[in-house]
Each structure stands twice: as C-alpha cells, then as structure tokens.
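The form predicted on its own is given below as one chain in structure tokens.
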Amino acid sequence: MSMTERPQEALSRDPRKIVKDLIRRLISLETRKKLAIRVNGLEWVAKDRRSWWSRELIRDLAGENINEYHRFLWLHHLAYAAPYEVATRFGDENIEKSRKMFSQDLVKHLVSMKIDPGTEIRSIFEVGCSLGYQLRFLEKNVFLSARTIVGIDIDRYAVMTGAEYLREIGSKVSVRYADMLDLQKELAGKDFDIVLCSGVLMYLDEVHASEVVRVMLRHTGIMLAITGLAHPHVDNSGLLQSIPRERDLAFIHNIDSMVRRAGGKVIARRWDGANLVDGHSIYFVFATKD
C-alpha cells in the first residue's frame, strides 16, 4: 500500500495484482524466470493457471524489453507456446482452418503467377516453424515436388519433439533450433522458392520485425508469404505504426509497409478485420522481390 492510499482502497484492489506486485518487488527477475519455468511443470495446477502465472511472473520484463519477454516464453515452451504438442498439431485433421486458408491463398496466388505448386516448387523455408506441422501439411498436400523443406524455431522443446516425429514418419521436413533475430546468419548464401512466416512477427517490435522481413525477402526466390495479427477495425495497411495488443502484448503490424520498405512488392493480401477463424484474425501478405 502506498503512503497516500487509504486502507479501504488497498483492500478493494484486485488481490491477484497485490500478490503479483509484492512478488515482483521481493523476488529478482532472474529468480522469477526460474519460477515461471517450474510453475509450468506443476501438473496439479490447471493449464490456464500455469500459463497465466508463467506470463505474470515476468510481466515487468515486457516493459524493459518486449522482444526478450516473448523470446523467453517461447524459448522455454511456456504460456502460449505450451499447447504445441505433436499429438494435437500434426495430421490434416489438426491443422487449423486459418492455416488451411493461408495455404489455399498461397496456392491461388502462385497459380496466378503461372507457377504449378505441385511440380515447380523445389525448396521451402519457414521462420517460426514450431514442431514443423505446417511444413508437413504443405509437403503432403501442396508442394509435392519439394526436396528441401526446412524450418527454424526458438522453442527447443517443439523443435526436438517435432524433429523426432518427422524422422519417424520419413518426412523430408527438417526443423532446427534457431533465433529469427539471427536469420541473416541462418540464410547466408541460401535462397528458397517459398519463404513462410506464420503468426511469428507479432512477437517482435516494429524495428526487429521489419528487419526479419527484409532478410526473408532477400532470400526469397519466388514468393514470401506472411500472416500477422489483423487490426479489428482498421486495415493493417493503413497503420502508421505497430500497436501492441493489450491482452498478450503481441504486435499488430503493417506488414505491407514492411515489405515495401524492404524493396519488395505486395502481389496479394487479405485482411478480414474483426472476423475470427478458429480464434485467429486473418491478415495475409504475399510478396515478391520488386
């Protein structure tokens, strides 16, 4: 309670906020990071509560370094990363409708360029591939002639379990641990026909997300395909700056502008505003080198 706060006012505050504030004052951030990891392993605690505590224990980190806040949660398979498991993500029946819409639009726009996705696409690279389930879906259903299918992700657990499953089923998809902030090093000397980035740029601020777009575009042979959070009321292409979403501090970006600033050309896009598909907003951008 502050010196100017009356007792009844303090009692009326959200008890959870009082506890969180007290914990943050008394326990160092480094110790709280360890607690966030431990809390996630408590099977007797409901999953939604584990997710909540994992985020809230380090929420003040977001104010210091928003990129590092999201990076820590993904790196340790916490909060919004935790639901990504082999059993619930792989298989056509488990692919979310919004991802299927994305792949359908990708195919449509390749065909409009007179490119046959099934026979003319040889290499694919995905930034933020998680387990590799989207790449596996595309390998089976879209890019049938692709020989090089690679993904990177910062979630070590997802990469490890996904890679093991992909080996077991004889897939050509290869996933490995890497940070997208080191993307230039990962892609040095390499180009891919298709470069994908689905729901990943939202975890970087505008400056760093723009740099990732620039690097991806530089190493794109045919098409760069990106999904992002859609602003519910204003077409993202009209945003003057990126906006953090209140509930999870993920960013709503103007990806169209990022592509143009990187020297690329937006050949197709889709913005569905407040419309949600399986809980996800729809904002797709398809681009080529100008």
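So that there is no doubt, residue numbering starts at 1 and follows the sequence shown. From a predicted model like this one, the values you see are computed outputs, not experimental measurements.
Unshown form predicted together with a small molecule; subsequent notes refer to it.
- For the candidate spot formed by 217, 256 and 290, no residue has a non-hydrogen atom within 4.5 angstroms of the small molecule in the predicted complex.
- The small molecule in the predicted complex is approached by residue 178, whose closest heavy atom lies within 4.5 angstroms of it.
- Residue 84 belongs to the set of residues with a heavy atom inside 4.5 Å of the small molecule in the predicted complex.
- At a distance threshold of 4.5 angstroms between non-hydrogen atoms, residue 109 is out of contact with the small molecule in the predicted complex.
- Contact annotation: residue 154 falls within 4.5 Å of the small molecule in the predicted complex, judged by heavy atom distances.
- For the options 123, 198, 161, 171, the residue carrying a heavy atom within 4.5 angstroms of the small molecule in the predicted complex is 198.
- Figure note: of the listed segments 185-193, 163-171, 133-141, 110-118, the one touching the small molecule in the predicted complex, with heavy atoms no more than 4.5 Å away, is 133-141.
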